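Heads up, the chain below is alone and in the form predicted on its own; it's given as structure tokens.
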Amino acid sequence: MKHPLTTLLALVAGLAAAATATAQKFEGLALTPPMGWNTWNTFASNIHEELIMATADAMVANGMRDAGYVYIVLDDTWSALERDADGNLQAHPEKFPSGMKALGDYLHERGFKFGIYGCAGRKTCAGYPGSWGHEFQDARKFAEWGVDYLKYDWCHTDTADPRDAYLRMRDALYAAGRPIVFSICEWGQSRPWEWAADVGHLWRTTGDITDCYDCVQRWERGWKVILDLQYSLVQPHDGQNNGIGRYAGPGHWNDPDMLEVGNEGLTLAESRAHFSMWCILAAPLMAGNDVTKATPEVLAILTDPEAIAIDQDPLGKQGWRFRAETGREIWVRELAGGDWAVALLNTGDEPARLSVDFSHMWFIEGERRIRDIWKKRDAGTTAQPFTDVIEPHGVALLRLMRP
């Protein structure tokens, strides 16, 4: 006869094995790249509940919510500096005196989804409590608060294996029972596009972005530098699509980081080009500006329905760089229904008259109508080259449609 303790241990081991076997990420989420707003790019640690509520109200009034920006994500520094007596994460008592559940309820009542930040290490990047060793406890707390989106960072992780750490949080979220979009943020160091499709819904491919075109500041980079870094990871493997692009699709997206559209380091042309290129990449569109002070011109970029339709295209194919020459790059993306998106980017520092000759694009069959997205005009057909004068670091974003 087996000893009762042996029987109990075998039962516990069996239950753990069964739980592991059935654990998974939540399916049916992020079927198109997530859209929303994140606190970090503009406000960093200077966040509080009044700011979040004012932002949500502004996004209802200015049309961003209805344009698809539904995830409002609190980044680092939302929590207290210590866990409570039971080891639970808790809201910062001065910044969020009403607590996370109340804030989540406020956002849900206004048609938003509630996003929050966590970290796989013992501390977050800003030194607040991380989730190492508390994954299942924290996941239950996130579910209790009504969280819909978790950005999970990678600071203070020592020699931890990212696959193991992110898998643990994936399993913890699933065990907690509330469907949560899981955003993996380890900056592409372990090539997550190769392993994370069954773990998270999106994963960072590069380091952090900042509000400039091509600068490098500490670990932060301008959007064009990130675009180039992304391309360096994705050399063509089949003559058309970039290598990393084959890992992206409904429910699993490459993430080149948040948007800097509308922030002071970018010209309006650079903001428009930045947004266009993220749409070509099928990237998540997480705004990072102060939307309570956004100008009509910036809002026109962020809420443009034709540009957003490219980003949110249900086919889910990531775009790729077709041609790069001095002063000019051409990027293309295949869309549902046989359409194509084309971005003509002026990489020079002066206005330039640039062209696209569609006869060189052997992968596009038949003549197409050209829609100029930003100028809101029809622009002939692909039987003739498209030509326009484009601002420095600006873009022409085109949709090629069947007759």
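In this text, residue numbers run from 1 along the sequence as written. None of these values were measured; they are calculated from a predicted model.
Below, we refer to the form predicted in complex with a small molecule, which is not included among the displayed structures.
Of the residues D228, D208, D304, E329, just one reaches the small molecule in the model of the complex with a heavy atom at 4.5 Å or closer; this is D208. In summary, among the residues E260, E135, D75, D148, the only one with a non-hydrogen atom within 4.5 Å of the small molecule in the model of the complex is D75. Site residues C279, I310 and E334 are none of them in contact with the small molecule in the model of the complex, judged by any heavy atom within 4.5 Å. Only one of 245-253, 135-143, 106-114, 185-193 places residue heavy atoms within 4.5 angstroms of the small molecule in the model of the complex, namely 185-193. Mapping the unseen interface onto this chain, W40 counts among the residues with a heavy atom inside 4.5 Å of the small molecule in the model of the complex. Although the partner is absent here, R272 lies well away from the small molecule in the model of the complex, with no heavy atom inside 4.5 Å. Using a 4.5 angstroms limit between non-hydrogen atoms, R204 touches the small molecule in the model of the complex.
Residue contact with the small molecule in the model of the complex: A176 places no heavy atom within 4.5 Å of it.
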